[in-house]
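What follows is a single chain, given as structure tokens, in the form predicted on its own.
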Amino acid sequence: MNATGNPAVTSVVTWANEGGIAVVTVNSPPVNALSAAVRGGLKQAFEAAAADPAVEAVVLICEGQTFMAGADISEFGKPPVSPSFREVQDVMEATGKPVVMAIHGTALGGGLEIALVGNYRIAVPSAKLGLPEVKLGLLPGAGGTQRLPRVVGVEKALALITSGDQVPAKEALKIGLLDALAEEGHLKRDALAFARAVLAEKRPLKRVGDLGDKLAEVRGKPEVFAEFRKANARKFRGFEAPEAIIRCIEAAVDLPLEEGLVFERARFEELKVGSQSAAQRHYFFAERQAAKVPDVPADTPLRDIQTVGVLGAGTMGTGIAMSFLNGGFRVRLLETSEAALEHGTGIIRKTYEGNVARGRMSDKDFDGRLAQLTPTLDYADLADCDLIVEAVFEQMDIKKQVFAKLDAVAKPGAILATNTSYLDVNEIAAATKRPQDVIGLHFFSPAHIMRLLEVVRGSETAKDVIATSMKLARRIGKVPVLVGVCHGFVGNRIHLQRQTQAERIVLEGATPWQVDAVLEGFGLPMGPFRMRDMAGNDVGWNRETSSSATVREILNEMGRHGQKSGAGYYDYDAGRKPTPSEISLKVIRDFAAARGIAQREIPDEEIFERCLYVMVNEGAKILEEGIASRASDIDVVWVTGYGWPVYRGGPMFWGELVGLDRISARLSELAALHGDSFQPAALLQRLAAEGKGFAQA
């Protein structure tokens, strides 16, 4: 029994009668997830409150840092445990007394679906609400698609549920998702006062399921849904969950609540057992797992990073500088000439001005970030930096010269990082007398936007340097993945294998646009030839040493550098819209003929297998060599940095869905036809023979 004589229902749910208001409290760290224990406790507490004549209203509140953060994802795939989510909601709705949901922290997913069965919702200003299930390839399966449109309207519900975005409390109040705001730090006090006001004013019970005004506004107007689908077609391409969500909200408009709930649940179950949700759930955990380094303890002391030096004010250097400025660090930006330095600082200023104009940054933040930036031409100005990131030309001799200079000026204990995309970090570190302080930080372009950061561990890199780099990456909004030293590390090494196959295939008779169409049909945002045109065919090309040795060299020699020159593999109009080019196709055909490469029609299936199976195979080799710690780390690299569709989970997860035995067997067939580059990795062959997945390697 608790202090007021009411039962402590379970270890995670209690309730107390406070002046006629039953205060039901959930305390299930860390995030009050709706586990079986919480569901059971809620059911018992609400049944007891409903049956107690001394209780006139109910307030549901949570301890800790948050309201209910959603379903307990660890229960996915396991047998259901009673009571079900729906049973708990039914009990809450049947209480027969005003139910006030008191929200702090976040009310996400199932947490918001619980809040939506209350009669009223109140939250502190710092709270956020949302239905993020779409990000796991799911839809809200406990009434979210049926109740939210009744509260905020169909168009707002469509936007919120298909995006999974969180809504700040003040915005939630404006759209009607909340009925009131509490004072920060006084949620319980204000929720009780709100409940007493409801009783004093004898407000009618407002059951969300009975609300129909906002649904009536769009009933008989199918164009509302048609226009939403059209406006979001590109964003939703390939994903199953957004269309299922739209269909459920259509059902909310056309069907009574109970029938709509049945329709919603059926769509939820379809998604839950599908490969897309499995892939997106895999990625959800993979991204979190990537932050953990097996041989670097979580309590490893970190080096203090306050001031960051960046060498190079080109595209990568300015992007890296902005990443650290955005993270609140002081930045020293070094260049070799005044003109280059002014150009780089101009890029930073122009980018921030654009952010201010679009409302993404305040004038105060603009001034504050630029105040943290110190442009310089003198290496000596980097002497007190805690971290120095090199972003100069991708040439080993230049990088070694730079690191020798850094070694001479940097203070003891400073981390020296290279942004190399391919080069040997150990060789770069050898240019210093402190290889233990050297690490690779491979940012992806544009560096201030792209989330992936490959953290490249050298053979002598100290563990505290690794731990600091991984932590630092998250502070600047990046997803860090630790990788080892090899040509191209993880992402570019696998990309090179796919690009090599794409180029061979077009020499054998396919067209660049056929290859692009196959891979874009798989879900990649851009095929390899459109991607190369966009990035610039001349990246890494040198006119002085060019010798017409490849199709790409010939195109560059012709001035076909890609989108920026109006022509590459494709031709481009003034709006950079691509069309297949007869000129580039003739270059390809002539090049193949000169080398005696026979032309043939290549089926889409062969393009698919040759381009994608080699990626899985190269990933297996990377695991064999210990370049990546986990197959899921490779998936994070490719989803976050290269546009691999998250609904396919990453190349390694996808490979297991296809079947490692099937991929290994097909690679052996391709090796017999096209050479040893298709020879399946020993790890892949072993796992295929044993019927195991990469996690069991």
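Remember, predicted model here, so these are calculated numbers, not experimental data. A residue's number is simply how far along the shown sequence it sits, counting from 1.
Note that the form predicted in complex with a small molecule isn't included here; everything after this is about it.
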| property | result |
| --- | --- |
| Candidate from 437, 516, 113, 618 lying within 4.5 Å of the small molecule in the model of the complex - any heavy atom | 113 |
| Sole residue of 161, 490, 136, 555 within 4.5 Å of the small molecule in the model of the complex, by heavy atom | 136 |
| Close approach of residue 660 to the small molecule in the model of the complex, 4.5 Å, heavy atom | no |
| Exercise: residue 142 in contact with the small molecule in the model of the complex, heavy atom 4.5 Å | yes |
| The small molecule contact in the model of the complex: residue 349, any heavy atom under 4.5 Å | no |
| 4.5 angstroms heavy atom contact with the small molecule in the model of the complex for residue 284 | yes |
| Partner-facing stretch of 48-56, 633-641, 661-669, 27-35, counted where any non-hydrogen atom is within 4.5 angstroms of the small molecule in the model of the complex | 27-35 |
